[in-house]
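Before any questions on binding or motion, here is one chain by itself as structure tokens, the form predicted on its own.
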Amino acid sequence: MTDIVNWVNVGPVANIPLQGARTFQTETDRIAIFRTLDDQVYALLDRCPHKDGPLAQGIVHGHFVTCPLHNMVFSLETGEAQGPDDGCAAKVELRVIDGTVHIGLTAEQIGLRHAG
């Protein structure tokens, strides 16, 4: 994502299960925050570009997540579909600071609107 205007603390890394995910709702999007078995943390918009499947409900394996609706596999690092599939789940910028996850949100995601 681009044009980050605010970094939001969404809680400790420990609150995200290994090989699992938690979601965070913004004004415009639901964000899936994933934690891998090797304790890496990534964030993508929580919707598969193919059929809007909830990626947070998918299976995390390695640095990938499999959509629960139709088994499309996405890289957690880039959001890119793997194998013969085409598409990309939008990546969300994320930082881990002292064990706490912070996600970068755009003006639209935090509810700021331009007047006129």
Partner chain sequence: MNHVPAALTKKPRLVVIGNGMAGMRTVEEILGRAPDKYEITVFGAEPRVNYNRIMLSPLLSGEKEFDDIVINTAEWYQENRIHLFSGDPVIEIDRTRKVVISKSGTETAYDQLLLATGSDPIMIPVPGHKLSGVVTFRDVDDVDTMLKTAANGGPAVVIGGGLLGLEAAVGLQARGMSVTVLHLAGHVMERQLDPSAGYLLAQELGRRGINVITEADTAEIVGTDCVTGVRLKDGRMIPADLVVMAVGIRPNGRLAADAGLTVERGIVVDDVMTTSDPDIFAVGECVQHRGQCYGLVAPLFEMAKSCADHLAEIATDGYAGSVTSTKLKVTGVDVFSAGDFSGGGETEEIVFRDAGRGVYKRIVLEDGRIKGAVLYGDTSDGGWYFQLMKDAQDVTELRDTLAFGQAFAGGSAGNPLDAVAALPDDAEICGCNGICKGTIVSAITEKGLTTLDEVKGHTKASASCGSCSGLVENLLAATLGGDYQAAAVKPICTCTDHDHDNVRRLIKAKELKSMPAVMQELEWKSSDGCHVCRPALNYYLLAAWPGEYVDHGASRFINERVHANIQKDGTYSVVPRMWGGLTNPRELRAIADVADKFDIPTVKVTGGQRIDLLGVKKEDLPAVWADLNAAGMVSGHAYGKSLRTVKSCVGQEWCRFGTQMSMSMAVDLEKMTWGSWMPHKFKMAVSGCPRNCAEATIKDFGVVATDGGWDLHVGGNGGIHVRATELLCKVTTDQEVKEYCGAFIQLYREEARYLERTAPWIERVGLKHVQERVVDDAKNRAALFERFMESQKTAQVDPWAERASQGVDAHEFKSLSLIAAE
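Only a predicted model underlies this, so the values are computations on that prediction, with no experimental measurement involved. Residue numbers count along the first chain shown, from 1.
Although it is not shown, the form predicted in complex with its partner chain is what the next lines describe.
Colleague: Can any non-hydrogen atom of residue 50 be found within 4.5 angstroms of its partner chain in the predicted complex?
Modeller: No, no contact at 4.5 Å.
Colleague: At the 4.5 Å heavy atom threshold, is residue 33 in contact with its partner chain in the predicted complex?
Modeller: Yes, residue 33 is a contact residue.
Colleague: In the predicted complex, does residue 96 come within 4.5 Å of its partner chain, counting heavy atoms only?
Modeller: No, residue 96 stays farther than 4.5 Å from its partner chain in the predicted complex.
Colleague: Heavy atoms within 4.5 Å of its partner chain in the predicted complex: does residue 37 have any?
Modeller: Yes - in the predicted complex, heavy atoms of residue 37 and its partner chain come within 4.5 Å of each other.
Colleague: Sequence order please: the residues of 60 to 84 with a heavy atom within 4.5 Å of its partner chain in the predicted complex.
Modeller: 60, 61, 62, 66, 68, 69, 71, 73 sit within 4.5 Å of the partner.
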